[in-house]
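The chain below stands alone, shown as structure tokens; this is the form predicted on its own.
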């Protein structure tokens, strides 16, 4: 069982290790442990960019041991929402942390100069990063570090780009080449601490208590994974397979949600992008390989017949946010904007929603080309690529405000009724019905992945009472606290059901009953909710974007009263927790 916690104080360039068996025995790992470490190590009222603001990276008991247990939880105070931030990333990070011998890493303080941190099993090194500070392309940063650090094949390189350095409130952290701690601004928090990157080299391996039963349950999980619907669906086309069905059902947000179907959706579909696919890759210990890499050839400005070839990972969310939300008509136009977002290490969803709002605000005369510098028009990929650069460089007051998110921008310039943010976090790519939007509002990350309301919408014929729908969404989110404490990919939720989880834990020395797991999920959920409250969350102040009532969903237009009743019920839950 992974019970050691590595603490890093970047102000003093010191580190130490504590064995917290008590913490892991009670809270399992991942999200469960991260919540407690946030409570122990940070004043919940401080600013996200305060020197004592804390970042926690946490893995779980299944990481580096079982298939699809490939995620790392990052927890921090979000500079975008001013509340709890939580982001999950795949790749090799969880395996590297676990094989280095840690269940969690806690980072606080602020370096006096730009640094990157190297964690090599039980040693931590603080490298001078002044020479790479200012390099805006996160991929170039990773290549430079990779050439200078050992551990190829067993290491993870988490780093920020230009957006994190400039403290864009939705800057992300890229890990390996194609995975991200995407939402809520972790990249900006690292940037505020003058941390350019974190390298984790894991040289150890997991210790198994009962190798015979471990092999048996490993084989069972592997077979379930390779025969699952997730394998068939996500290996072939990835999550981009969702574009065409959502478009046909009229659940696909288009041009700032002015519409939910798009005549050019076929050009942005998984089937279309598969025609230019370069390769598929997988996270560590995952047989699915859902990461799809497209090949984009861009001509050099002054060199005819000479191209640079870019490899870009894509999935449904960036296709929605940088494709259909911005009215892109071709896959190449979408990929050109995605390239800029990836290079600067910005969250794709928030960036796309911000640019879509800015485009409509321009159409309505709330802002002009004086503010935007380039003429923002739906479908104009060149203008959007330039605007992405301006979000990072912030050449004027407008872009300084837009770098703080759509909630802030609409407060300053107007257009709040079509500013698509929920709890301060920009809208995910599903306008499927009541459950999706209520789910975004009440989810503790304000994410579609909190409780999968969009999935409920697509399976339901008629809605129950608002209170019952909230209870259903909360119950799903409570079970997902277990999945994110183990830590497994949510695509594997159909595999890692309570019975399988209990069987998988036993060979590595953890015995727990199914009913205990469910109780623990509920316990973690309310611990996290209490932490959100301590950080200032008030369910009574949740804002519903008016635009969601104006546009058709697969269930017709939504009624405000239903969502209001749901939020009133949830506010009582929050008040009493």
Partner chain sequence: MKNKRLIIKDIEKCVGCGICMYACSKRKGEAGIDSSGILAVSLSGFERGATVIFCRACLDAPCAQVCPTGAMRVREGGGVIYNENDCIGCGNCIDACTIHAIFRRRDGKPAVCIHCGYCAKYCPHGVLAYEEVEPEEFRKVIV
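Computed from a prediction, not measured in an experiment: that's the story for all the values here. Positions refer to the first chain, counted from 1.
There is also a form predicted in complex with the partner chain; it is not shown, and the following applies to it.
Listed residues 38, 28, 524, 65 were compared with the partner chain in the predicted bound form; 65 is the one with a heavy atom within 4.5 Å.
95 is the sole member of 81, 95, 410, 321 with a non-hydrogen atom lying within 4.5 angstroms of the partner chain in the predicted bound form. The putative spot formed by 258, 354 and 373 is not touched by the partner chain in the predicted bound form; no residue has a non-hydrogen atom within 4.5 angstroms of it. Look at 97-105, 340-348, 268-276, 396-404: in the predicted bound form, residues with non-hydrogen atoms within 4.5 angstroms of the partner chain sit in 97-105. Proximity of residue 219 to the partner chain in the predicted bound form: non-hydrogen atoms within 4.5 Å are present. In the predicted bound form, at least one heavy atom of residue 206 sits within 4.5 Å of a heavy atom of the partner chain.
Within this chain, residue 130 is remote from the site of the partner chain in the predicted bound form, having no heavy atom within 4.5 Å. The partner chain is not drawn, but in the predicted bound form it has a heavy atom within 4.5 Å of residue 283.
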